[in-house]
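Shown here is one chain on its own, the form predicted on its own, set out as structure tokens.
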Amino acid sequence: MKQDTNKTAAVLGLGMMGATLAKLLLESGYDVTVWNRSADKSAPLAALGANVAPSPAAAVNAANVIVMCVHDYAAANAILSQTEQAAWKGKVFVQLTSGSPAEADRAEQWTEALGAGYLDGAIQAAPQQMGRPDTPIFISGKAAAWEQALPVLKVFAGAPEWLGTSAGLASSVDLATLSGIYGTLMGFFHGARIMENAGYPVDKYATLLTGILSTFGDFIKYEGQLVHENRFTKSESPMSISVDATARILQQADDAGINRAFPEYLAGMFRQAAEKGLANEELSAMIKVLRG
């Protein structure tokens, strides 16, 4: 039977996410070739009909769209170094390994030098959430590569979002959203210590905070719009309120003997804003401090 070359894909790296991506492609009728450093991880996919490549180069040779999802760029580059003599020309490489914008730019240069298109992607979902209509996945890279890889990307996420032609954009979005998430989580954990110290159940505090955060999105959008427009005139939340509030959070940590690292950073940032004369501007003026 003649192979449908328009539905061939290779997956390099069969961790939890990579294996999930390969399985989704198989379920969508793709002729899938897989490769993993530890060959035993290929066995379950082989049982489902995947072709197991003996080398990374063989995997590249077998498909038009090559997907990689490994631990980091050091691992990715070690694998890719074994494919430089493979038939890359005319294909597209979708890099779903987490890294920095600079690493994505270098990967694009390497790929394009071999005659292939390059896309960098950020998956912001767990393996079990892949393949759903609402699965978030952000992609950046040249338009031609995006169009070539789009059918494969739609297998992974119902509506993958193309951010633009700069290869590092997906990584930038990934780091920016993670910054927001980790900042929120650290605030939550510090709040949990405040509640423990006060003798209030942390599970009830988590429920209380969740209710507040569900309505907080509109405020974030508002402040984000002000930053985008460089508008800092006091309107919704004067900087001075947060300067005082974060100072109180730090003082309470000291009074209660709670680890002060997070509130010290928080209060320090707002103290810098006040020292720059921003106390009577909108909270969005914090971006001025971060811009240096």
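This is a predicted model, so every value here is computed, not measured. The first residue of the shown sequence is 1; numbering continues from there.
Beyond what is shown, the protein has a form predicted in complex with a small molecule; the following relates to that form.
The candidate spot formed by Met17, Arg37 and Ala125 is fully in contact with the small molecule in the predicted bound form: every one of the three has a heavy atom within 4.5 Å.
Stretch 68 to 76 is the answer when you ask which of 211 to 219, 144 to 152, 194 to 202, 68 to 76 has residues with heavy atoms within 4.5 Å of the small molecule in the predicted bound form. Taking non-hydrogen atoms only, Ser171 never approaches the small molecule to within 4.5 angstroms in the predicted bound form. Among heavy atoms of Leu96, some come within 4.5 Å of the small molecule in the predicted bound form. Residue contact check for Lys234: none of its heavy atoms lie within 4.5 Å of the small molecule in the predicted bound form. Interface residue remark: Arg260 is not counted as part of the site for the small molecule in the predicted bound form, having no heavy atom within 4.5 Å.
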